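Below you will find one chain, with nothing else, as structure tokens; this is the form predicted on its own, and questions on how it binds or moves follow later.
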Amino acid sequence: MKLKIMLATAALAMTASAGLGETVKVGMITTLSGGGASLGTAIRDGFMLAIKQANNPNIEVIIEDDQRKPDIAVQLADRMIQSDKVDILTGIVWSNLALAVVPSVTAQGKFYLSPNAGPSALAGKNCHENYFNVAWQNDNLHEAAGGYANTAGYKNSFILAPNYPAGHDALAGYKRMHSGDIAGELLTKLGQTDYAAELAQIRASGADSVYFFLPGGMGISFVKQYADSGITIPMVGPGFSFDQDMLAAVGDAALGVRNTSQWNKDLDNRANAAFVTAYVDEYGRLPSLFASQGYDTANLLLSAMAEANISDRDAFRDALRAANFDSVRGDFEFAANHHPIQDIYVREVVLEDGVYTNKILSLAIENHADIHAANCSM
């Protein structure tokens, strides 16, 4: 599937800037089919909403489905660079795909703006001046969850995540901040949907809490099976395990679960309020965490285009690094490794006017930068 979108209407006032004299070609590789399709769809929709709002005639976006397969993602990236002559790539959901694609993209002098995956391997010694993560570094939301578990009084957590780079980062992040014991630790198969064996181990573990990172369809399956199992041990998760687009499928089984996120629809700032309203008007549904990340990624790109020509790589990089845009998260700043410094919140799943959603309860970590930035030599 190939969707090429040319925006050729009159530009906003910002297009008067010298930085918008050249066309910027963007290649979006994301997951639009299979178990993770809701995540990629939300990223795409958030990104394209910002592009539509900007009304900028100098952006061309090519969108492709990676089918959650690293080999297909690599093929798409190579074709976009060699044949389509894109300047910037974006869109990847999964860390194993990012690790397969990003090093080649940056080695060829292209920019990669990540709206999601933030593997530790790209945040530390393998950081690159052309790689910017607009979402988070993989460990961050899990670190916040580990800190929340301490304040909640959980002293013996059972933890599980898929066996791929983001899963390893997730469990490492939780353990880094959680001061209690680990009752059990499991790495499950990526894409797994039957958790009977894992639930049996949780039941027998003596844990006082369960922390899990299972994005997309994996999380839907786990939470529903957990509720059906009769296990009453409290669950905690990162925001992507209780994302807006997943909650309708999970239903009552998710109510009351605490999760951590750097964004929610009730964050009190003007940019976020406008985003939520515009997203609902455009798509007829509430935005998700992933949609907010796609939206911010596009607005970061637009802010750089307002300051520099894409052909001047150094100036364009500096403009990206400045992050001179109104983020839906409020204040936005990059650390030295081009990953965000940001607040992370504790949310709770609630039912509002018949819709399953999240509300912010408290601040978990303030102005948090990832631990791997210390190993980045930029």
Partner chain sequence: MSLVLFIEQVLNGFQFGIMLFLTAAGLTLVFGVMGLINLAHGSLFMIGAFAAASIAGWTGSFVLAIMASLAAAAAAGALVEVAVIRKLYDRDHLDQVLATFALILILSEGTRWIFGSFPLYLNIPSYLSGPISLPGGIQYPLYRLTIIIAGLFIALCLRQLILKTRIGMQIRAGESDREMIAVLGVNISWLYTLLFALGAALAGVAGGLVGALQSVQVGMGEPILILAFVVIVIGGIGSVKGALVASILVGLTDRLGSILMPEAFKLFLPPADATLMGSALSSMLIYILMAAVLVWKPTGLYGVRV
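Residue numbers count along the first chain shown, from 1. Only a predicted model underlies this, so the values are computations on that prediction, with no experimental measurement involved.
We do not show the form predicted together with its partner chain, though everything after this point is about it.
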Checked Q225, S303, S209, N272 for heavy atoms within 4.5 Å of its partner chain in the predicted complex; positive is Q225
Just to confirm, with a 4.5 Å cut-off on non-hydrogen atoms, which of A319, I310, I62, A37 contacts its partner chain in the predicted complex? A37
Work out which of the listed stretches, 243-251, 259-267, 105-113, 85-93, brings a heavy atom within 4.5 angstroms of its partner chain in the predicted complex. 243-251
Would you please decide whether G230 lies within 4.5 angstroms of its partner chain in the predicted complex, comparing each non-hydrogen atom pair? yes
Just checking whether L186 would be counted as a contact of its partner chain in the predicted complex - the rule being heavy atoms within 4.5 angstroms. yes
Answer for R176 alone: is it within 4.5 Å of its partner chain in the predicted complex, judged on heavy atom distances? no
With the partner left out of view, is N150 within 4.5 angstroms of its partner chain in the predicted complex by any non-hydrogen atom? no
Give, in sequence order, every residue of 353-378 that has a heavy atom within 4.5 Å of its partner chain in the predicted complex, or say none if there are no such residues. none
